[in-house]
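Form predicted alone, single chain, as structure tokens, below.
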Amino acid sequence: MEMERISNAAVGAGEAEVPESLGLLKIPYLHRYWQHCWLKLKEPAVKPSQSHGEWDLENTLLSGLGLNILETGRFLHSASHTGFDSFEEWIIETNGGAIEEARLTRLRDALAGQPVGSAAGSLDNVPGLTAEERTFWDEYGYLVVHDAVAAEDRDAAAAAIYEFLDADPDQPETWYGNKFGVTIWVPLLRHPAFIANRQAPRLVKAFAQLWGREDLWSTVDQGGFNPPEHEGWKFPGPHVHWDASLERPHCFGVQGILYLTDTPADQGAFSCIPGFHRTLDQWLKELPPSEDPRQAIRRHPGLKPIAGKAGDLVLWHQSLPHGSSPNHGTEPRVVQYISLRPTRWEYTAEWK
């Protein structure tokens, strides 16, 4: 298959053609990932070997290329996907027609097992978590990091969500016409303010301190818009749940949500069961064999809404049951979902 040329302005890789296994972006693992996805698409009954697809590196790859996992899957299943070259072209187009060479180099190095620093640069002089906050995290499994992003980026992200939804913060009748259905999800991914928030030094440092490392990659997550309930619009969820496998071992992981506007406890705030990450194993052991833990947790009485101010970042341990909550306030809850993960990390491959 003949590879097309690409200019320095597009990926900084020069105009010379490169072998197909490296492709336009010169990332060998990308071709491996594409082969893995292609095999799953063409032969869904066949389980590729682990060497053809490693979940942690696949997530690092997509995060490093500024891609959302769902949109990538949709493209690979679409009629416009005709081969590896079309996949790379779509990646470049999705990034606005250009990917900085420094970003590609950091990704290549990380995938090759080389040490890489923070994408936000040096974190040495960035205010971090205090000893008291670390103790609180260990005990309760969640934490509120105040003023995690620049005020202008926080406000710009909130305004972008309203604009994306054709809504007006001063006109409540516009809050309920979500063109994406009855949902609190807002599939806005790459607005400049969203990107800036993912790279905010204080936010990045908080994740780095909890992970104990700086080779972190931000997932390309969406926004959220949870308007007040009324007779014609009831909260659709997500209710309390886990985004991680309940199969042992229960591995460490950090998730986050950034409040873009002031969010009192009754305004659809993020909710969790504090401290549950320390008792998850025992709770599962005591659960009757006939009980589905993902349904049983909804009856737990300990769910607590976590209030915050605009610009506050709520972090939680992935073993903590969590969810959104009905909005009984007078204003929408407007948020951006943000998570950072290392190049490689321990995870439980079997889903339960």
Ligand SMILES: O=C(O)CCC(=O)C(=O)O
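Since this is a predicted model, take the numbers as computed values, not measurements. Numbers for residues come from their place in the sequence shown, where the first is 1.
This next part talks about the form predicted together with the ligand, which is not shown.
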{"query": "Residue 66: touches the ligand in the model of the complex, heavy atom cutoff 4.5 angstroms", "finding": "no"}
{"query": "Close approach of residue 163 to the ligand in the model of the complex, 4.5 Å, heavy atom", "finding": "no"}
{"query": "Contact test in the model of the complex: residue 238 vs the ligand, heavy atoms, 4.5 Å", "finding": "yes"}
{"query": "Proximity of residue 243 to the ligand in the model of the complex, heavy atoms at 4.5 Å", "finding": "yes"}
{"query": "Options 316-324, 288-296, 25-33, 66-74; stretch whose heavy atom lies within 4.5 Å of the ligand in the model of the complex", "finding": "316-324"}
{"query": "Heavy atom within 4.5 Å of the ligand in the model of the complex - residue from 257, 273, 145, 280", "finding": "257"}
{"query": "Among the candidates 157, 184, 210, 200, the residue which, in the model of the complex, approaches the ligand to within 4.5 Å (heavy atoms)", "finding": "184"}
{"query": "Any residue of 324-352 that, in the model of the complex, places a heavy atom within 4.5 Å of the ligand", "finding": "324, 333, 337"}
